[in-house]
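So this one's two forms of a single chain, laid out as structure tokens and tagged structure 1 and structure 2.
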Structure 1
């Protein structure tokens, strides 16, 4: 079955998805019967194109590589903004890939809301609307009989949410804790190897793990958003960002790292969620954990999550928490789920 796609945002994730589609599209169609065709792209910086008969993903990649914009991509229409693209394109699925705002959820919330109201499926890697107003969006999706896929909002392409909701949840999840931010984990790994905080941060920025403004990562806001998403989806808790006790890693010194190492422990920025006596407790904090802890061995930009369950004990999932291709893959996972439910 063919699904026509509108990409709202063409940054690293959108380009990673386009590359995956260019390289693996035929295989996806043959193996799963999932035929994916990009028909529209709207990006604030790179421009907007719409072709109801399809746009070659490689043409998007080449145009951005050569000129930084989409002017050379053949199109029937140009210049549509995001909402016009959602309303007027013949897309079946809207892929919301714009920047994340964990204070307002905009503009992504408005994009997703409009897509669902128009009867289009949505897949997104944007944490903002999912952390802030996911129940509102799922209510619309149910009413319109469409899907909203959010796998890429937590741990990138590692199937944290889908595996958790479809399988681990049945074992009775009592607590969730994880390393949910690759930037801070990389910085802490470098500090344990002897680097000071400023040097480790600069190294992370040079490698592309940290933004020019790393506040959302190092102050813990990014993993806090992921804790909210996990609480909402995995444990049915009506958490908000304000419910997460949040502390970042900027207060850790080289002496703190050395002291933990001497005690056979290791600092990690841990996102944690548990229910105690019926009361949910959510936090993101630096913690000293013993080297025997399942999360202690997770180094570099890798992420990991441990589900503590009634029936299985601890289940730990390790995988990439960021990356162009990895996050692009999460979109494929959500598209496959839509196809399995709605494809004919």
Structure 2
């Protein structure tokens, strides 16, 4: 079955998705019967194009690489903003890929709201609306009999949420702990190898790990958002950002990192969520852990999560936590789930 896609936002994640589609589209169609066709892109900086008969993903990638904008991409319409693209394109699925704002969830919330109201499926990697107002969105999706896929909001393409919600949650999750931000884990790993903070951060931005505003990474708000998402989706806890006791890595100096290394230890930014006597405790904090700790070996932009459960003990998942292609892949997972449910 063919799905026409409207991409709202064409930054790192959108381009990563376009590249995956360009390289693997034929295989996805053959292997799963999942035919994906981009019909619209609307981006504040690069411009907007709409072609109801399809836009080659490689044309988007080439145009951005050569000129930074979409002017050279063949299109029936140009210049539509996000809401017009959602309302007027023939897309079946809206892909919300704009920057994350963990204070308001906007403009992504309005985009997703409009898409669901108009009966279109939504897939998104945007943490803002999921951390802040997910129940509002799922209510509309249910009413309209469409899906909202959010796999890429936690641990990029590593299928943390689907695995967690569809299977692990049945074992009774009591505690969640992990490294939930790729940028800071990459910076800490690079600093331990001798890089300075600024170089490591610039490198993480260049590799597409960091948020548009990397303050959200280094101050811990990004992993705090993921803790909120995990609490709501996995454990049914009505957590908000204000419930997370949050400290980032900006207070750590090169000396702190060298001192830990000399003592056979390592700094990691750890997100935690547990319910004690019925009260949820949620935090993101740097911790100095021994090299024998299971999370000590998780280096670079890799993330890890441990679900502690009643029936199964601990289940740990290790995989990519950030990156263009890695996050773009999460969208494929969500599209495949839509196809499996609605595609017959």
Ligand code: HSE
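Just so we're on the same page, rigid core means the largest C-alpha set that superposes within 1.5 Å between forms. Positions refer to the first chain, counted from 1. Please read these numbers as outputs of a predicted model, since none were measured by experiment.
Source of structure 1: the form predicted alone. For residue 137, a C-alpha deviation below 2 angstroms is recorded between structures 1 and 2 after rigid-core alignment. Core-superposed comparison between structures 1 and 2: the C-alpha position of residue 199 differs by no less than 2 Å.
Core-superposed comparison between structures 1 and 2: the Cα of residue 253 travels 2 Å or more. Relative to the superposed core, residue 214 moves its CA by 3.0 Å between structures 1 and 2. When the core is overlaid, the C-alpha of residue 263 ends up 5.2 Å from its other position between structures 1 and 2.
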